[in-house]
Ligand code: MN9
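First comes one chain, alone, set out as structure tokens in the form predicted alone.
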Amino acid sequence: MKNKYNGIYVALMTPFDKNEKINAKALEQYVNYLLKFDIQGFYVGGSTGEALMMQDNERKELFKLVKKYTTKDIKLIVHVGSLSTKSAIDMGLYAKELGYDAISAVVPFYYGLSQDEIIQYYLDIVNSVKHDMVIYNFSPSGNSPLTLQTFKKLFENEHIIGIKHTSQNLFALNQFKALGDVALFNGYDEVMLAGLSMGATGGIGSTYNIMPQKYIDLYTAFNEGNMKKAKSIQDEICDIITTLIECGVLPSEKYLVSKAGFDMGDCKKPFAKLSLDKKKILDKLYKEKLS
């Protein structure tokens, strides 16, 4: 059985100070807060964590701090993806040494690699690190989507155990069930319910940071067969996400979490700071739907 990773995983945000350094104190406080919820784990150092705007040594520092602060017995999946295979292997070995349960890596972007080159990228990582791997199938990453045949080849390797499917292609998600009993994570929060209905066994999400209980309740309602409740919660989530998109998703999430009492700071550049007008919109959202 490959799948040991069902459930709700928060794609953890990274708090930064004014110099764009990791704010360790705020991170510890925030991790402790999220551990109070009935989540199954954290996804560390992904898109939401702004990891691809960090240097490798910064990413390793984040890995170390989150592992140190996560005292509850939950799963920890860490993103080590990089344009450089050597870099991804190095971070993967470090994460394994720290005691992370699994590593993950985005499909290499920008260069337009072939399917065979992408397959080799993943195999090089897992054959070197020898640790559970969740493939981060991120459709806007710049490559052609991985085919079902590519995934079948990858899942022949014992270490490749799951997919984080951040794509609107739910037909592809449904096809992944042919891979067997593997972890299938829905990645786009606005289609969480649809993803579950098409075969996802859990979710890894960015907006889980600002409303974790809504996703826990949605997941529970779905598994209990209460589709009316699940659909109602998904509608609430989509309404909130619509406002986040209007204002800028990641900066908005950081602002809203900071309003809840955690000093998340701003996103790393080139993200812009929120305007006063957008903050007013988010203040209204927070008061009416999140506080």
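Predicted model, so just to flag it, every value in this text is computed and none were measured. We number the residues from 1 along the sequence you see.
If you look for the form predicted in complex with this ligand, you will not find it shown, but the lines that follow are about it.
Across the proposed site, G92, V107 and I135 without exception lack any heavy atom within 4.5 Å of this ligand in the model of the complex. Considering this ligand in the model of the complex, the lone stretch of 108 to 116, 171 to 179, 75 to 83, 206 to 214 in range is 206 to 214 [heavy atom distance within 4.5 Å]. Residue in contact with this ligand in the model of the complex (any heavy atom within 4.5 Å), chosen from I241, V31, C247, A230: I241. Residue contact with this ligand in the model of the complex: G187 places a heavy atom within 4.5 Å of it.
When contacts are judged by a 4.5 Å heavy atom cut-off, S252 does not count as touching this ligand in the model of the complex. Shown alone here, S47 lies within 4.5 Å of this ligand in the model of the complex, counting heavy atoms only. Residues K164, T166 are the members of 157 to 184 with a non-hydrogen atom no more than 4.5 angstroms from this ligand in the model of the complex.
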